[in-house]
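In structure tokens, the next block holds one chain alone, the form predicted on its own.
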Amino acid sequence: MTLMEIFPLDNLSSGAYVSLLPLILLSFGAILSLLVGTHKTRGHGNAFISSGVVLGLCLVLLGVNAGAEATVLLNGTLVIDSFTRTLSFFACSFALISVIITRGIDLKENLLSEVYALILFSTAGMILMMSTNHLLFMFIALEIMSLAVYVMVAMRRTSYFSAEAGLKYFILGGLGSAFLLYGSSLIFGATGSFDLPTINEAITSRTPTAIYYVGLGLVLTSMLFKVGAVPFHGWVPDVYQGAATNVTAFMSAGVKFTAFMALARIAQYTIFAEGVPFMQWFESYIWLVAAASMIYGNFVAISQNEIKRMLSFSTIAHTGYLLLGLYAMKMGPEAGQSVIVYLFFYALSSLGAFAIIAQFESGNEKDLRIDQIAGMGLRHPVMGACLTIFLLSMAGIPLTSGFIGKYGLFNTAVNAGQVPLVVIAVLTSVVSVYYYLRVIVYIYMKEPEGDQAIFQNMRGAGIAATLSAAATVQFGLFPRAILELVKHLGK
């Protein structure tokens, strides 16, 4: 079978061109950012402006065309409808905030101006990955997204921590991608297709062979690695610490959001297919990984004295909560909606928290210790208040968006009958309150001692933190708009 047979080229209509315009803009915008970034003195500024304008235009296009008719390309390989346009809007929003955070950090960390182009390339891969039902095309989109992130992680050239993190992420990421590709080939051998709806029809109409189950196990393992679930989490702490903070923010929001959406799509058509024997083994696999991620992530985070490393174990715990929602998807689409809401709210808090951390850490510093920000709330009240909001939201405290997301996720899981897993989630959430409040105690109730962090007023990171804090409080107090949007899309 040739590539032309797998991805047949169609004559594109004007509507198809409009649907593809955000991807075209991201691709050519990335190339433009590379070119204008070569200026000797204004390269970083030019790349920042061009990438920001491109992402702004993409947001406008996606917003204006959100309700347009669906576009199906490459014989159903690429589907651009209201649902995928909204997911793409979220991804571009996270990318734009990451670009804003990057301004200032790029010079402090001696990053190349190419970082802006890499963010655009990675965002294009995210959109492609969330718009396809084709396993092989999903692999291609994953590589477009991941290769750019590998480079960004290792871009702090004066820090050996960054080089180590980039190498670890590249090796382990390559292993995860190999699992996805090999597993997809086994599924193709068992069902005769890479297309997820066709695979679903094949396994529900006849009993799958052993090759199919092996392939599905490899694909599922690959996606669990990409979302950073236990026991495939080994890259998360080192990469979060070694990468520049703007890159860490982009990964914690955009990459996690995209990987979970792809995992949910795969699970919808394979693991939760009705009437297929032995699927309960894969469901139990997700159950165990979810429980292990919640328990391990929260309890290990307690002992961390460095903020980025603490948040890295925190994100492992949040992965467990999201897998709880994914596990509940077998009972209906409502769980998928709660996963999207939780992901969106968590991404906002994560972006804002890393934006604040970036303003207090020194250049080429591996991590910022908790004791280094003692008294920050009194010396820098706005930044202290914003970081407090983000931490409370991650803990799921009422009046923040994190509470709305966590309540919706747990409520959906209870309605789906997953009470034991919800009990684990609630108890581990109580544990998480300790290490989040510990940071808040240092912000407001501890006297500065020894080596203290110096505030570096980077306008981009400050704007991103303020906007994220406002959105976190806004959606916590008035969540109806975003909830109705996701509910409408879920239909």
Partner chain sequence: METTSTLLSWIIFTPAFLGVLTLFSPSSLEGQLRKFALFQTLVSAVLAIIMYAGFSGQEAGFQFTQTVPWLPDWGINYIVGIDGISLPLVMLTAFVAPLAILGTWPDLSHGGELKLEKFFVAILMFLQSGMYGTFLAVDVFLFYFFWEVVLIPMFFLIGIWGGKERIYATVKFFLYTMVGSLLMLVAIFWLVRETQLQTGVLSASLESIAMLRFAFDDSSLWAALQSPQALLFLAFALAFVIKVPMVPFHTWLPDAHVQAPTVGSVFLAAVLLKLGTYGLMRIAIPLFPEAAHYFSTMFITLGVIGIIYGAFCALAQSDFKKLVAYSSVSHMGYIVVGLFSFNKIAIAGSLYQMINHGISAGGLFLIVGFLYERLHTRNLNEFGGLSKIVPVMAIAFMIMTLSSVALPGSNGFVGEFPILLGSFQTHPLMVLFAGSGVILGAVYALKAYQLVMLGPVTRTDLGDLHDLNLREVIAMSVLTLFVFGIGFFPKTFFGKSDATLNTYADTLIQKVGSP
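Being a predicted model, the structure only gives us computed values, none of them experimental. Numbering follows the first chain given and starts at 1.
Although not depicted, the form predicted together with its partner chain is the subject of the following passage.
This chain is drawn without its partner chain; in the model of the complex, the residue among Pro277, Gly189, Gly234, Pro398 with a heavy atom within 4.5 Å of it is Pro398. Put simply, of Ile340, Ile357, Ala301, Leu392 only one has a heavy atom within 4.5 Å of its partner chain in the model of the complex, and it is Leu392. None of 46-54, 433-441, 65-73, 23-31 except one has non-hydrogen atoms within 4.5 angstroms of its partner chain in the model of the complex; the exception is 433-441. Although the partner is absent here, Leu483 sits close enough that one of its heavy atoms falls within 4.5 Å of its partner chain in the model of the complex. Residue contact with its partner chain in the model of the complex: Val60 places no heavy atom within 4.5 Å of it. Contact check for Thr388: a non-hydrogen atom falls within 4.5 Å of its partner chain in the model of the complex. Proximity of Met445 to its partner chain in the model of the complex: non-hydrogen atoms within 4.5 Å are present. Looking at 393-415, the residues that come within 4.5 Å of its partner chain in the model of the complex, counting any heavy atom, are Ile397, Pro398, Leu399, Phe403, Ile404, Tyr407, Gly408, Phe410, Asn411, Val414, Asn415.
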